[in-house]
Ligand code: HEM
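First, one chain by itself: the form predicted on its own, in C-alpha cells.
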C-alpha cells in the first residue's frame, strides 16, 4: 500500500526543502500582499542597536548561481539530505547566513543562535506568519469552496483567518482530557498492531517477513483515522475497508505531489500542468472519501445522542462543519508519515541502546504487569522514563531540522539587520546535537530529561541538557505550536508500551538509520529490527 511512494522525491534536491519559501498565493501575488498586511506598521527602526548592526546585504552566503552549482554533480551539496545540507552550509558560512531564493522566491536567513530564536519568537506577535502549503489554499478556496466554505486550514491560513480557526480548535485538540479519552481505542489499535507483527514474525530468526515501516504507517493511519473520523479503517486486518485502502494510497500520492508542487519551484500558480491536475484529482479523491466518512459519523452521532463524552470529530462538528472537514483532513494528511517516522527514530535509538531499553522495560512492567491488561489514564499517568526516551529520540532527530517564521518586525539577529518580512529558519536540530548545549550530545541519554531520580541506579542528570528553552523545540513554539502534538505523543506512548512490553528489540543493519528529505525528515533505506519475545522478565523485578 505504501510502497514506492517517494521514488520521485528521493531524486530531488534537498536544497528546495527549506530555502525555496513560496509566496502563499492563489495566483502569484495574493499571498505576498497578505503577508505584507500582517507586518508591523511602525516606521523603520532608527535606534542605536539597529544603526550599529551590519547591513542585511553583508550577511554571508552564496549568490544564486553558486547555490545552484553546489547541487550539481561534484558540487559540495550534491546528493545531501537536509541534515547534511544544513551542517555543510553552517561549516561554510557560520552560524548565520542567507540563502538566495531561486526562480524569484524570497531569500531565507538561516541562524543557529538561540538568542536569535528567542528574539524571533518573542516578536512574532499573536498572528505568527509561517509558510504553509500553497496548494491547500488554492484547492480549498478556489477549486472547492462548496466543501470548505473558504477555509484554508491551519497549515496555510495566516493572520486573523488563521487565529479564528486556531482559537476554535485549541480546546478540542490541545486539551489533555479531550485527547486522552481516545486512549482505550488507541490501545486496542496498538494491541492489534502487535498481534499482526507477531503473525509476521519468524519464530526462529525473530525477523519480520514484511516491511516494518510500511506496517507502522498502517498503524499510524488506523490511529489517526479513529481520532479524526471516529472510524476504524481495518488497515491492520486481512480485509481493510476498500475506501480506507484507497484513501491510504491517495495520502501517499499527496506527500509525493506536495513535495513536487509546494516545496520545489513550480510554475503551477501561473500554468496548471498535467501533473498538477493529477495532484488536484488526488485532492478530490481525498475530499470525497473523507467527507463520506464524516457523513457516516454524523449519522451515528444522531442515533446515539445521549453520550456524556463527545469524541474529537463530534466536538469539531459542534464548532462548524467546514472547520471539522478541514481539520479531519489535515489530521489525516499530517498524522501518518510524521508519527510513523518519529516512532522509527525513537525505536531505533532504544534498539541501539539495550541498557536504556531494559530500564524502560522495567518501568513498563510496573505499569503493565499483565501484558493483556488494558492501559488506563491511571496506569499511564506516571511514565517518566518512557517520556524521557521520546524526548531524547526527538532531540537527536526531530521531524524537521528547523522552525520557520517570517519576521513581522525589523530585527537584529547575530549583529545583522534583518528587515520585517524576511524568512528566518531557526536550525534547532543542529543545536540539539551540539555538546555546547547537550553534554555527550551524540549519546542517547534519556536521564537528561528526568526531573528526579526514579530508582537507585537511574539518576536524573538535568545538567546534561541546556537550560535554554529555545534549543529543543520538536513541536515548535508559541501560538503556532503543532496542533497535533498531544495526539502524536499519546499514539507513540501507547505503541511503545505495547511493543517493548512484548519484545526485546535489536537493530540489525550495521549502518546507522538513514533519512531522506521529503516534506519531513523520513527514515529510509535498510530499516530492519529483530523482535525477541520478552521471557522471564517478571522474575527480574
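Numbering follows the first chain given and starts at 1. Model, not experiment: these values are computed from the prediction.
The protein also exists as the form predicted together with this ligand; that form is not presented, and the subsequent description refers to it.
Using a 4.5 Å heavy atom cutoff, none of 172, 180 and 226 lies near this ligand in the model of the complex. Only one of 98, 356, 250, 405 lies close to this ligand in the model of the complex, with a heavy atom inside 4.5 Å, and it is 405.
Among the residues 85, 445, 351, 154, the one placing a heavy atom within 4.5 Å of this ligand in the model of the complex is 154.
Under a 4.5 angstroms non-hydrogen atom cutoff, this ligand in the model of the complex lacks residue 506 among its neighbouring residues.
Taking the partner from the other structure, this ligand in the model of the complex has no heavy atom within 4.5 Å of any heavy atom of residue 148.
Although the partner is absent here, residue 342 is a contact residue: one of its heavy atoms lies within 4.5 angstroms of this ligand in the model of the complex. Within this chain, residue 487 lines the site of this ligand in the model of the complex, having a heavy atom no more than 4.5 Å away. With the partner omitted here, the stretch from 479-487, 495-503, 35-43, 60-68 that lies within 4.5 Å of this ligand by heavy atoms in the model of the complex is 479-487.
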